[in-house]
Structure formats: C-alpha cells, structure tokens
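Below sits a lone chain in structure tokens, taken as the form predicted alone.
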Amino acid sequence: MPELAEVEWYRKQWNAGIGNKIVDVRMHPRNRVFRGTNMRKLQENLAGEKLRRSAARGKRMLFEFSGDNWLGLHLGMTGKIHIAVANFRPDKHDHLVLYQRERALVFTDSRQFGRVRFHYGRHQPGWWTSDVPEIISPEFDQKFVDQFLDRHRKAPIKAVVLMQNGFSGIGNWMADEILWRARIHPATRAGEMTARKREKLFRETKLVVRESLRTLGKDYSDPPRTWLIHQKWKPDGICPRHRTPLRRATIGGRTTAWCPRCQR
C-alpha cells in the first residue's frame, strides 16, 4: 500500500497538467472506487476547467480545479496516477481519465480499494480537513505523541504507529523502519514504553518521514542503504546493523519484521 512518501511522489505526476483545461472526462461508472461520489456532477463540472494545484495529506491527495471544483484521490493498496498520451485508451483498471489537449491524467487501481471523491464549493471539502497534524509539521510534537500513546495504552506499538488519526501517512514498511531505528520491539504495549522510548519513537518518526520525502517523495529513489526496508521483505533478511537474521510475525494485523538483537 502506498504510504506518505509514495503518495507525495504520485501527487506530482499530474503536475505537467497544471494550468491546462480538461477537455474530456472518462470513467468506469460502476466501479467501486466511485462509491459515494456524484459521477455525473464530476464529469460535467471538470470538463472545461483548469487544473490549478494539488496537495497531499497522509495517504490522500487533493486536486483543485478552476470553477471551485475539488477532486480527492486515495490510492488504497494498488492505486496509481500517471500521465499518458493525449489519445490514451483506458483499460479496465483505468477508472478515471482526465483528458487535456496535450496529455491524459490517469488514475488506475487494479484491486479498487482506492477511492475517488468530488466536491464543488469555494472552500476545501470537509472530508479533506483534519485535526490530525502532519508529521512534518510543528504540531506533531512530543506532547501530541505522548497523549496519543496514552489513549492506546493496551495496544501493541506497531498497531498504534499504523493508526492514521495519530501517525498520518505511516504504513507497514515505515512503521517497521521507525521501530527498528528506535530499538523498540513491535509487540511492546504503548503503555509500557518509558519516556526515553517515547522520545526515540518521536525522533525517529520525524527522521524517517523527512528522509523518505527527500528520496521516495522527490524522485522515487531509494532510502539510504543502511535502512531496514532493503532487508525487510527478503526471506533471508538481516539486520543492517550487525547481520542478525530478522524475525517476522503478524502484529497489529500486519506482517512485521524486527531484529531480535536491536528490539528486545
């Protein structure tokens, strides 16, 4: 599933279309990615309008068009957006195509866990606004993290770091990376973490997000070779620090990798 950094990279794929008009809109109307969306209004309103700007928040994207039109995308597990040639012919998994004279803006999702949303109005849609601070913002601070951990004291920390109402945009690989860097076992209960462990969790969360945006989020390049991500999915994966074989289990409903030496 695309996480915060991947979502940022995908958001920028439609940048080539900024300032240009939408001349046609094509959709597969029966597909579940449009659940709850007024597709007729989406099609009628976007035709003839210009793409103005975009933003990413956690695992979501928002595209603003002229005429007070807003398009929201969530990539789900397999969603992607990309640029295609102007005479692009959609396949069955290309659920939304916004045609411009020079190109086509395409949203594709083979498993349809993603979502397309539309809003017409002067202000950003209510489903976009959130009280959850972005991790790179000053509002995501040690106090916020401590309060969030206190509300989920009985849950394993791996599950807590995956909660989008606290750690916005963090998914499975980033959660494992953060906990490995902080030397915290993923099954540790949030309420059992010392102040020192909480400080490490906060610090490493900021670092992993910042560095992921600098690499993956910028040009889809790899994070540093010393990171766990490069070993996490290998059957014989080892800890980058001292080559100890990694262990795996399902924690918080997700496949989790950790180093038994670093994360006791």
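Because the structure is a prediction, the values reported are computed rather than measured. Residues carry their position along the shown sequence, with the first being 1.
From this point on, the text means the form predicted together with the DNA, which you will not see here.
Enquirer: With a 4.5 Å heavy atom cut-off, would you call residue 172 a contact of the DNA in the predicted bound form?
Expert: The answer is yes: residue 172 has a heavy atom within 4.5 Å of the DNA.
Enquirer: Can you tell me whether residue 92 touches the DNA? I mean in the predicted bound form, with a 4.5 angstroms heavy atom cut-off.
Expert: Yes, contact at 4.5 Å.
Enquirer: Find out whether any non-hydrogen atom of residue 119 is located within 4.5 angstroms of the DNA in the predicted bound form, and reply yes or no.
Expert: No, residue 119 is distant from the partner.
Enquirer: Any of the heavy atoms of residue 254 lying within 4.5 Å of the DNA in the predicted bound form?
Expert: Residue 254 belongs to the contact set for the DNA.
Enquirer: Counting any non-hydrogen atom inside 4.5 Å, which residue from 50, 198, 59, 28 sits next to the DNA in the predicted bound form?
Expert: Result of the distance check: 59.
Enquirer: From the list 185, 103, 74, 80, which entry has a heavy atom within 4.5 Å of the DNA in the predicted bound form?
Expert: Checked against the cut-off, the match is 74.
Enquirer: Report whether all of 14, 134 and 215 sit within 4.5 Å of the DNA in the predicted bound form, measuring from non-hydrogen atoms.
Expert: No residue of the spot touches the DNA in the predicted bound form.
Enquirer: Specify the contacting stretch among 82-90, 106-114, 139-147, 125-133, defined as having any heavy atom within 4.5 Å of the DNA in the predicted bound form.
Expert: Going by heavy atoms within 4.5 Å, the stretch is 106-114.
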